[in-house]
Each structure stands twice: as C-alpha cells, then as structure tokens.
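Here you get one chain, nothing else, as structure tokens; it is the form predicted alone.
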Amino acid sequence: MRNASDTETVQRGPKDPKAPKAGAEGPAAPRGGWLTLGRGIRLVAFVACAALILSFPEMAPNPYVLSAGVVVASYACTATAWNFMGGFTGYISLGHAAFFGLGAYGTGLLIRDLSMPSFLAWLVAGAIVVLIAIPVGIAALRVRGASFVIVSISFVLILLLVSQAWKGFTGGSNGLVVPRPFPDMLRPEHHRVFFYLFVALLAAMLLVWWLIDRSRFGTGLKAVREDEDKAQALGVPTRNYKLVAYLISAFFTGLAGGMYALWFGDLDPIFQFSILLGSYMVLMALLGGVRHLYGPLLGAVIVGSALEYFKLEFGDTQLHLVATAVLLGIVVLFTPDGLIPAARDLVRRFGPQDSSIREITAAELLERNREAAGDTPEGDPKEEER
C-alpha cells in the first residue's frame, strides 16, 4: 500500500529485483528527472535573456543607445568582478577602481611605449594588475570590516595622486590617449564589436564564478563569509583563500578596465581611479544580490541604465548622484539581500509550502498516508478490527 512517506524503493515493490536495498541506495535522485519544472523555467529564462542581450546591437535605434549599452556591459563586468571578493567572502572593498584604472593605464602604456598588439597588451596588463595586487592583498587582508574598507579607499587615492602627479609617464591630469585596435572601423561598428567583447568577458567571469561556487574552494570562501573565526578553527586556510579570491577579483577588474581603455580610447585619472566607480560596483552587486550568480548583472543593468538616463536628461548636473544615493538607501532598507533573493522569497511565500515532518502530528501523518493510498478509515479492515 502506497503512502505519503513511501520512498522510490517501496513504490517498485519489495519483489522488484532492480530495486536497491534499503539504506544502500545512496543519495536520492530529484523527483521528476533532471528537467524539473524549476530547472525548465530557469533554462527558458536563461535562453531568453541571452537572446535579448545578443540581439541588443541590432535593436539599438541609434549609435548613442548602442554606446550606452557598451557602458552598461562594462558596468556588468566590473560589478561581477567585484563580486568574486565581496560576494564570496563578505569583504566590502570600495577601492576596486584602483584595479580598473591599473588595467586601463597598463593597457594604454604597453601599446604606446612598447608598441605591443592591443589585445596582447590587454592580457599582459591584467597579469601586471595581479602582481601589484599580491602585496596589497597580503597587507589589506590582515584587517576586517571597516578597517578593510579604509585600506581599500587609501589604495585607490594613492594611485589617483600618483597618476595625476607623474605627468611624464601617465599624462597627468591631461589623461592618456590609447590607440584603438580597429582604427578604420566606423563608430557604430566599433561600438557593436566592443559590446560583444564585453559580453564575452562577462560570460567568462560568470563561468568562473559558477565553477568556484560549486567547488571546495568556494565552500571555504562562503565559510569565511559566514563566520571567519569558526572557519579557521575548522581548518579552512582562510588567509590563503581570501588572497586568491582577491587576486581573481583584481584580475577580472583589470581586464574590464583594459577593455574600457581599448573601447573609449581616452583615459582620465579622475574617472579611472574614482571612489565613485568603486561605490557603483558595490551598489550594483548589492542591488541584484551578492550571493547570486546573476545578481551583479541585474544590478548593473538597472543602475547603469538609470545613470545613462539621468545624464541624458539632466546633463552635467549631479542629479544622477542623488538618484544613486536614494537607490542605495532603498536597497539597504527594503532588500538588503538583493532583488533576486527577494523575488525568490516572494515566490516561495505564495507558492506551495513545504513542511517538516517534525511539524506534523502522528494523526495528521496517518491521515495524509490514507489520502495518498486512496483509502478511507472505514474501508481499512485493519482499522475496523482495532
């Protein structure tokens, strides 16, 4: 007789030779096979979003909108790169713009001074960023919380002053002109190519994030985020794990900066080493959800689009900064875990509720078993005998 607490083994029947023995079947397989309803919905949503992103250059009505899409794509790359550190370990860095600026200036200087091919210079600049980040990370990760935030801000301010003062090398306040990799290409086609390059870089970041999230290394990083002292007491090499996450984050942020330099072609130290840019990374990741794969991407689409809209409508006013501050306040007050976790919790609240067997009485469990078996109390001969 089937009941609600039967397992797959019992459903096959005790005489089924293919049925595994009780207690030896290993982990239970998900009900409904590999393609469950939830996975199907996620797969359809992924394909639809990917098709929408890849078709954006064809749908853009003019080159300005296309260039705004490139800016949003660059924001998505920087926010996702920041999330390797902030999302996995919980360490909030407001100084990641330092790696963005180093990647951008490194790419430009390698092309200008060493005549290196554009995309080779881009990769070499990313490696240089990692080398610079090693001693910085060893020093910065000795502290936590607000102290770590202050150290990260100090680093980006130092680089801002150096880039402005070292005029003979970086161009100082006049900035640096980076030769473009496709000089004969018209502006709309230039935007189109770099939009796809940014999307490819973002896809690589998401793949690495996904692999880390399912690895032992990612589990250790999440243990650091939840309780670093307990993780260390349980044998997790917290210092090494944090440093590796910091270097991965710096590498991808540097690549995003180098890609921006190749696209835009004109570097300004005030923007490349801006604390405001680091704040944007944090806001985008928090808005979408730092613990979710697509959280920074969603946050970048919302914040980046809003910033471009305010700049278009209100020009050089600081209204976009006011709107950004208001958005940050709303996120902190109402969706501290981000939009994606909030939407998921909302669906669970109005969807079917799962209950633990500990919350069910014996009488309720017996009644549920009878309903699952299609029997009634009156029709059960054993119950009548009792």
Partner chain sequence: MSGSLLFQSLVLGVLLGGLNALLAAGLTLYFGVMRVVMIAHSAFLILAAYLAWYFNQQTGLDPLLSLFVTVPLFFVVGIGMQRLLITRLRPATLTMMSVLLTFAIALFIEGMIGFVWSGTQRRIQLPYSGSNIEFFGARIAVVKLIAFGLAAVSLALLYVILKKSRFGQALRATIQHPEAAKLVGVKTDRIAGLGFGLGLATAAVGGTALSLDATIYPSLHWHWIGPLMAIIVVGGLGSIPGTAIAAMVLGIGQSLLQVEIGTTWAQTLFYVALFGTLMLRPQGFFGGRLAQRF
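This one's a predicted model, so the numbers in the text were calculated from it and none came from an experiment. Numbering follows the first chain given and starts at 1.
Heads up, the form predicted in complex with the partner chain isn't pictured, but that's what we're talking about next.
Open item on the list: Let me test this: is every residue among Ala133, Leu293 and Ser305 within 4.5 Å of the partner chain in the predicted complex, going by heavy atom positions?
Closed with: Looking in the predicted complex, the three residues Ala133, Leu293 and Ser305 all stay beyond 4.5 Å of the partner chain (heavy atoms).
Task: Heavy atom of Leu276 within 4.5 Å of the partner chain in the predicted complex - done: Yes, Leu276 lies within 4.5 Å of the partner chain in the predicted complex.
Open item on the list: With the partner left out here, check for me: in the predicted complex, does some heavy atom of Gly235 sit within 4.5 Å of the partner chain?
Closed with: So Gly235 does not count as contacting the partner chain.
Open item on the list: Residue-level question: is Ser147 within 4.5 Å of the partner chain in the predicted complex, judged on heavy atoms?
Closed with: Ser147: contacts the partner chain in the predicted complex.
Task: Contact flag, Leu255 vs the partner chain in the predicted complex, heavy atom cut 4.5 Å - done: Flag for Leu255 set to no.
Task: Partner-contacting position among Leu114, Val177, Ile138, Ala200 - heavy atom within 4.5 Å of the partner chain in the predicted complex - done: Flagged contact: Ile138.
TODO: Only one of Phe46, Tyr64, Phe334, Phe350 comes within 4.5 Å of the partner chain in the predicted complex by heavy atoms, so just point that one out.
DONE: Here the answer is residue option Phe334.
Open item on the list: Only one of these stretches, 183-191, 215-223, 147-155, 104-112, has heavy atoms within 4.5 Å of the partner chain in the predicted complex; which one is it?
Closed with: One stretch meets the cut-off, namely 147-155.
Open item on the list: Where, within 227-261, is there a heavy atom within 4.5 Å of the partner chain in the predicted complex? Residue list please.
Closed with: Residue within 4.5 Å: Asp229, and no other.
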